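Next comes just one chain, in structure tokens: the form predicted alone.
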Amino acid sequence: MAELLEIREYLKGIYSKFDLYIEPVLKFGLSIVVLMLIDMHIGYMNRLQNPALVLIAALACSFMPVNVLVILAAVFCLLNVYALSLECAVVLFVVFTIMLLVYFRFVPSDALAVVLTPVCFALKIPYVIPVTAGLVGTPLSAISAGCGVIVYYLLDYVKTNENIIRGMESETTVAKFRYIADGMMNNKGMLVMLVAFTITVVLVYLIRRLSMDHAWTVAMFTGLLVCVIFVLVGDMTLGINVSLVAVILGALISLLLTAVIKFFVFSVDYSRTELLQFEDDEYYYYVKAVPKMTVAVPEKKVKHINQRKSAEDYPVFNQTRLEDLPRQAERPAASRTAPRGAAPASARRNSSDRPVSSRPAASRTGAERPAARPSSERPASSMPTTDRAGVRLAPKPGTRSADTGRVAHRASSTARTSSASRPSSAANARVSSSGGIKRDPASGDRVIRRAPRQDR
């Protein structure tokens, strides 16, 4: 039972989600079936049997209310009967006009009962209509079901007496009208079915409104049984010539279809029935609460494995670093590998190109004085070339000599000096043999010149 409830909820979910597309498709299919049955049953006008015309009419009805199909089906019937006999078409027109006026006055919302009743008669399962109308409708639904019964039996009379109607060409018009009207109104089978359908609809409605348990099931079985009994009694008393086997098979199929409709419309759990009592200042209320049978449809969750993630999928990320990645990729290799704090090669300038301030170095503040460059960035011309004793020093590896322009290498590792152990800009002043203070013309720094020591 749980599986059936899941299927029901699944189908209801599909219909509620796609009802905008499902309803036109259902109307189109119903229109095709109704119009094709009319052409097959009384297809006297060849023009109406054109499949293209039927498809166009069905397509128009699929976007219209079902009442449009009722009117269109009546027009098809009148045109086909008109091809057979003018008098017969006039009689049908009068009957259809009365039925449509009554129908649109009392039950304009039961168009499906009017349309489906002739279809169910053609399929030999007519008993499903009164039972279903009593379960989901009102007692006035007997009017719409009765209109469908009248339409079917009138068309059946025309088809059965086709040869007689064609052979009445020599008769007067009044005689033709009298014969056709008497034959249609005195149809005993139509009268039996009208009474059976009316009683079945009212009885099913009254039973299913009771507060007893399984009221809908009892109403369904009782309505089918009463309808079949009325048909069999009418056959025995009035001789309407119905087949007993066809009646029983039709009743069983109708019972199955009605049970399916009941399952989708009214499905409750009587084992959890509660009797409640309420009161206010004027009344006492005795309430019987029966819960509906529902089940939650399981939702399928799809888990993606090895899914490629982006930076936004991670909880923490540095947006600034992400924006700098394309810029770092566009920088030249020399600027990316330069030591920290060093300026790019394109921005380096020779010390000889720097302008010399006109102000004396002694009057400059600490912020205005040019910062000492690291030894790795200073040109070869500003490097010290002699030591304190006046001995000429070898150039640093990787630099060019001022005299020859060739790269010189020191002979021993003990003579190597790092940029960290080198003195500052004040200590990098050139030391000469003569004492005194002098400014370097290139950098503007003070240069202390000390006299060399004399050996005693």
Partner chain sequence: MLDENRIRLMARMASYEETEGKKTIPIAGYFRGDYVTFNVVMTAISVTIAFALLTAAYIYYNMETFIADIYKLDIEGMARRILSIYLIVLGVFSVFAYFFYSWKYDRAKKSLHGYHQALRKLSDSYDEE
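Numbering follows the first chain given and starts at 1. As the structure is a prediction and not an experimental result, all values here were calculated from the model.
Although it is not shown, the form predicted together with the partner chain is what the next lines describe.
A.B. asks: If contact means a heavy atom within 4.5 Å, which one of 237 to 245, 202 to 210, 117 to 125, 104 to 112 is the stretch that engages the partner chain in the predicted complex?
C.D. replies: Looking at the partner contacts, the answer comes out as 104 to 112.
A.B. asks: So which of Thr273, Thr294, Thr173, Thr217 reaches within 4.5 angstroms of the partner chain in the predicted complex, heavy atom to heavy atom?
C.D. replies: Spelling it out, the residue with a heavy atom inside the cut-off is Thr173.
A.B. asks: From the list Leu191, Leu249, Ile98, Ile164, which entry has a heavy atom within 4.5 Å of the partner chain in the predicted complex?
C.D. replies: None of the other options qualify; the answer is Ile98.
A.B. asks: With a cut-off of 4.5 Å between heavy atoms, is Glu169 one of the residues that contacts the partner chain in the predicted complex?
C.D. replies: Taking the distances in the predicted complex, the answer for Glu169 is no, it never comes within 4.5 Å of the partner chain.
A.B. asks: So, Phe177 and the partner chain: in the predicted complex, are they within 4.5 Å at any heavy atom pair?
C.D. replies: Yes, contact at 4.5 Å.
A.B. asks: Would you check, heavy atoms only and a 4.5 Å threshold, whether Ala181 touches the partner chain in the predicted complex?
C.D. replies: Taking the distances in the predicted complex, the answer for Ala181 is yes, it comes within 4.5 Å of the partner chain.
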